[in-house]
Ligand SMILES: Cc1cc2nc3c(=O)[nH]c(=O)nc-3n(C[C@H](O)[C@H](O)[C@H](O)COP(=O)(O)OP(=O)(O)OC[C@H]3O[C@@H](n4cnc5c(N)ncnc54)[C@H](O)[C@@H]3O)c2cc1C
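Only one chain is shown below, in structure tokens, and it's the form predicted on its own.
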């Protein structure tokens, strides 16, 4: 069946933060936007649920009200490791707010999708996109093939085709659309895994996001290695805390560790009064892949733009993806709007082909630094030195917080900002 009535200027596939933000900005630019989501809201996603000031800035720019119920504001990062406990407030910068937020993905994604609808986006839930429509004459993407699905993801009803001259793939790490256009993952980019669950706990309203730097795994020498990653405890404010860990594949132990068991053993070390016991666990222990440092390129090909996890837009330094997904979404929407204003096809294509270069200019150098960082901490000896000798030096940890969270002022910043910005400019683009 052909859904000509649902044809649009742009089709966005996936209504996570990347897709909903892209759709929102496109609609604000006056375009007719169709947003397709395979699930129905509210729905969960594996995530730490923590939003640094970088992500908060994107919400503010979209006009999302973060002052109401459901938003938990935090002051900064509490780091635990090497026998120390250090509190690092978010830096006071002209470029970013001085606070972070926590909100569960169960309703965060729903809120962003509703915000996009409020801007005029047409959202179709339970619509599973199975591949692109290819114009046989030009080889360009001209829409998508999809199928309606029920709550369990099973097809119900016949196939449907939606057509548009441009498609945005915000369909996640496995991106069917990107794969169909021969855009495959790069093996020379780091990949992470996140594992998390929720616990009912009196710590649910903690005003600090807590990171534990010591995650140990048994090695083949009969000892233990310090893994490249961290554990987190983020209060969700609803009586629960998001408790999880993230590991990067630069360690020899990656792929040999039972991550869910590692999470259980780590949680078992927590003080009894925190109540991180099995009887207080809410939901399953779930895991997800973290595609890092632009691990799928180029981010544009023949009418298809990649945004978010589909393009590997996760920060190698700390595993954040939401802020970079939303920033790329804003950029992609601007490029599309500019391209739509051009009078001929060649001119439009030149504008669209500038999207990958703009992404690399914005984040490429920083992601390259991140790749170097994760290679280094993949050696457990370096990870141990960093933990034991970095934490006792608060000035170094303040620098590290700015580096890992990518929070600097590019004008009139302090010495830390100038060093980080210089390193980013000098590093070759990822």
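These numbers were taken from a predicted model, which means no experiment stands behind them. Residue numbers count along the first chain shown, from 1.
One more form of this protein, predicted together with the named molecule, exists but is not displayed; see below.
Exercise. With the partner left out here, if you bring back the named molecule in the model of the complex, are 230, 305 and 359 all within 4.5 Å of it by some heavy atom?
Worked result: No: none of 230, 305 and 359 comes within 4.5 Å of the named molecule in the model of the complex.
For this session: With the named molecule left out of view, choose which of 166, 314, 121, 333 has a non-hydrogen atom within 4.5 angstroms of it in the model of the complex.
Result: Result of the distance check: 314.
For this session: Report the residue, out of 46, 397, 382, 60, that has at least one non-hydrogen atom within 4.5 angstroms of the named molecule in the model of the complex.
Result: Exactly one listed residue reaches within 4.5 Å, namely 46.
Problem set entry | Listed range touching the named molecule, judged in the model of the complex by heavy atoms within 4.5 Å, from 217-225, 319-327, 269-277, 156-164 | Of the options given, it is 319-327.
For this session: Report whether the minimum heavy atom distance between residue 10 and the named molecule in the model of the complex is within 4.5 Å.
Result: Residue-level check for residue 10: no, no contact with the named molecule.
For this session: Mark residue 128 yes when one of its heavy atoms lies within 4.5 Å of a heavy atom of the named molecule in the model of the complex, and no otherwise.
Result: Yes, residue 128 is a contact residue.
Exercise. So, in the model of the complex, is residue 234 in contact with the named molecule at a 4.5 angstroms heavy atom limit?
Worked result: Contact check for residue 234: yes, within 4.5 Å of the named molecule in the model of the complex.
Exercise. Might residue 66 be said to contact the named molecule in the model of the complex, defining contact as any heavy atom within 4.5 Å?
Worked result: No, residue 66 sits far enough from the named molecule in the model of the complex that none of its heavy atoms falls within 4.5 Å.
For this session: Can you tell me which bits of 195-223 touch the named molecule in the model of the complex, meaning any heavy atom within 4.5 Å?
Result: Sequence-ordered list: 195, 196.
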